[in-house]
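Heads up, the chain below is alone and in the form predicted alone; it's given as structure tokens.
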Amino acid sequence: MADTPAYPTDLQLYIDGEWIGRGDRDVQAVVNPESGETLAELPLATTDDLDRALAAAEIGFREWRNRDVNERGAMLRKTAELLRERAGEIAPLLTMEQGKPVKEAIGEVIGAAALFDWFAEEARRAYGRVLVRPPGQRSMVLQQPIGPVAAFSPWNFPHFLMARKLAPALAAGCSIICKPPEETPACAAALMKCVADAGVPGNVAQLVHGVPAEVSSHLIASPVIRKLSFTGSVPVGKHLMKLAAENVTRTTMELGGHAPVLIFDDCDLDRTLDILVPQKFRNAGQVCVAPTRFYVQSGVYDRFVEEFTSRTEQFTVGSGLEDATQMGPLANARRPEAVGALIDEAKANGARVATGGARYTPTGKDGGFFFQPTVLADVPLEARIMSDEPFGPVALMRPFDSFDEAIEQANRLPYGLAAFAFTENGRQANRLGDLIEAGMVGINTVGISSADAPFGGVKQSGYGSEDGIEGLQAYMVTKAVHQA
């Protein structure tokens, strides 16, 4: 892209309405996953910075909760407007620090705008109710903002997932301290600038970076924080839940999964492949709801594997800033090593590499965290990759014979975030929706995330929902008021 903006070298924190640079703070390098080179140095918040943010959030909450809901909604709609206007500037920053193709990055920014629009309107529908009582008495049920929020979001969708927490918290009347990932600070700052430019006070929405364990323990331990929202891995989520238990802080946890895909022999195979192959390699497979464990009915297994592999081999891997690129590099140096180790272990257990399976260096590149789009066939259940989410561009293929076997395999793991199934049998589709253990099930579609629908998992994939009416309720408490 000829007009790609320069990556900012003056990365900052945003605390109590002030953009704060390095000063004498420790820093962390921000690395370009395409080259492995350092883009800039990110200042890390000190304990004093965090205390200042907490004090500001406490004051900001008292003021913001009393703002007319229409005023809050107008600021959220303005944020959405600014995001759409600036999408062309924000998306290349996201690509430079995360790796995904610019067209995917633009879609992420536009998706974030949709969240702000949805919650701007939904805030006006935080209805309570009046209970039936004798004349002269009143009993009411009210929905009120929970209080200051600590929000932690990951690096795979750093712009959208930060917005998924910011928008409903602000709509509900809460103040919020956002701790997005240190790997992708520029796109997070760009989002916060839109929020600030839309008129949201600086003590209501704040942005900090730092050593994750230190920031999380400090914020969660504070009595100021009334709500914790986290998207990330199961081990880290469990740790944060333990910290939150000390103050009985309410939490929403989206902890990832290992999404099964059930392919029945009566499906429209060409359409199914059209849908699944691009979705598998979107964001280089670094998606918590990515279709990953493909269970294919025996009658179409060989054909499905062959055609999925053929389409995979046509994928263009390269710089996310180039228009022809369909898949960029993995997001950081840890991912190629982790994905490669899982593939090697699967091969040792008998899995067949249909295509890919190794690191990759595109023509004209030197370095970077690229990995080949990969298809593993005949993967045994004993292979670790069938139980541990690869979180990379790897499709795992395994045949099944009966409906009951497919359900058993889909529900085999202790995770239940998303699942997918493809069949043209309506009665079978109904049974799949009932029997699959997941927070979200897509039948003949992978479209399971939208602003008006709840997003969340079951089992060890977490609890609570984001988006939809449930996403607003997550930032509110229920109060009963009785009057005689």
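Counting begins at 1, following the sequence as shown. All figures in this text were calculated on a predicted structure; none of them were measured in a lab.
The protein also exists as the form predicted together with a small molecule; that form is not presented, and the subsequent description refers to it.
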Quiz item: Which one of H239, R412, R138, R125 is close to the small molecule in the predicted complex, taking close to mean a heavy atom within 4.5 Å?
Solution: H239
Quiz prompt | Heavy atom within 4.5 Å of the small molecule in the predicted complex - the one residue of L83, V296, I343, C288 that qualifies | solution = C288
Exercise. Evaluate G357 for contact with the small molecule in the predicted complex, applying a 4.5 angstroms cut-off between non-hydrogen atoms, and reply yes or no.
Key: no
Quiz item: Is E97 one of the residues lying within 4.5 Å of the small molecule in the predicted complex, judged by heavy atom distances?
Solution: no
Quiz item: Is H218 close enough to touch the small molecule in the predicted complex, meaning at least one heavy atom pair within 4.5 Å?
Solution: no
Quiz item: Quick one: is T231 in contact with the small molecule in the predicted complex, heavy atoms, 4.5 Å cut-off?
Solution: yes
Quiz item: Hey, with the small molecule in the predicted complex, do P154, L255 and R335 all fall inside the 4.5 Å heavy atom range?
Solution: yes
Quiz prompt | Segment that reaches the small molecule in the predicted complex - one of 207 to 215, 395 to 403, 141 to 149, 244 to 252, heavy atoms within 4.5 Å | solution = 207 to 215
